[in-house]
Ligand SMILES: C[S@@+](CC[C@H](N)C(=O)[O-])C[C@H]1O[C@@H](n2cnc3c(N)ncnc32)[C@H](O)[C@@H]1O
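Take a look at this single chain, the form predicted alone, given in structure tokens.
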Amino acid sequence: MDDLAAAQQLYDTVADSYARLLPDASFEAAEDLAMIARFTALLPSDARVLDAGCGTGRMQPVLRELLPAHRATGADLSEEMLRHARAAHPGTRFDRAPLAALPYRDGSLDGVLAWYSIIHTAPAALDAVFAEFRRVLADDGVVLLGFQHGRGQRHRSEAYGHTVELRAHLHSVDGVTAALEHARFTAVERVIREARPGEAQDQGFVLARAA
């Protein structure tokens, strides 16, 4: 089973538990939320923003608070996660789609938030994902990526109260930046946050603008 099929199956299985255990962004560290604030500060007040790999839509309240007039869209592989997102945010469009094949017109978005959604994409496959982000973003559009920083993969046999096989790719800030540059982005900010208690890895963030 490839990475995308495995991720879809995983999140379809854990969707109800995930929605209960992570209902909002209260798990995020203050530094993480500050990074999102710097992302939204680069966008117009009525920005068209895609939450790429949106899951249950738990980042929507953060975006709405920072950009009250923004036009939100979410995309995810898991129909079960999207079911929760649509119920929680009925005014937002949510589409079932992989990151590398988004159902949006060229240049139709101002911002893409990919919050821990590339963890199921191998480093070698980032070029295709970032090329798709560049396609849907308007010139001067902005992307923010959050991910577990490192190299290799993480494997877990339990997640969100379920016995599952969870495989997640680690990414380095340097590797993500290089792939973004290859897709015609220019890095604005790169951050590595040290792991908090309970986190297995440091966390990486790259904020970039379409070149």
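The first residue of the sequence shown is number 1, and the count goes up from there. Fair warning: this is a prediction, and the values are worked out from it, not measured in the lab.
What comes next is about the form predicted in complex with the named molecule, which is not displayed.
- Message: By the heavy atom within 4.5 Å rule, which residue out of Ala125, Ala72, Val136, Ala97 makes contact with the named molecule in the predicted complex?
- Response: Only one option qualifies, and that one is Ala97.
- Message: Since only the chain is shown here, I'm wondering whether Arg58 would be in contact with the named molecule in the predicted complex (any heavy atom pair within 4.5 Å).
- Response: Output for Arg58 is yes: heavy atoms within 4.5 Å of the named molecule.
- Item | Contact label in the predicted complex: Ala85 to the named molecule, heavy atom within 4.5 Å | Ala85: no contact with the named molecule in the predicted complex.
- Message: Whether Met81 contacts the named molecule in the predicted complex should be assessed with a 4.5 Å heavy atom distance threshold; does it?
- Response: Heavy-atom contact with the named molecule at 4.5 Å: present for Met81.
- Flag Leu4 as yes or no: does it have a non-hydrogen atom within 4.5 angstroms of any non-hydrogen atom of the named molecule in the predicted complex? Looking in the predicted complex, residue contacts with the named molecule include Leu4, since a heavy atom lies within 4.5 Å.
- Heavy atom contact within 4.5 Å of the named molecule in the predicted complex, the stretch among 136 to 144, 117 to 125, 103 to 111, 85 to 93: That would be 117 to 125.
- Message: Check for me: heavy atom within 4.5 Å of the named molecule in the predicted complex, for each of Phe130, Val176 and Val206, yes or no.
- Response: The answer is no: none of the three residues contacts the partner (heavy atom, 4.5 Å cut-off).
- Task: Heavy atoms within 4.5 Å of the named molecule in the predicted complex is the criterion; list the residues of 17 to 31 that meet it.
- Result: Heavy-atom contacts within 4.5 Å come from Tyr18 alone.
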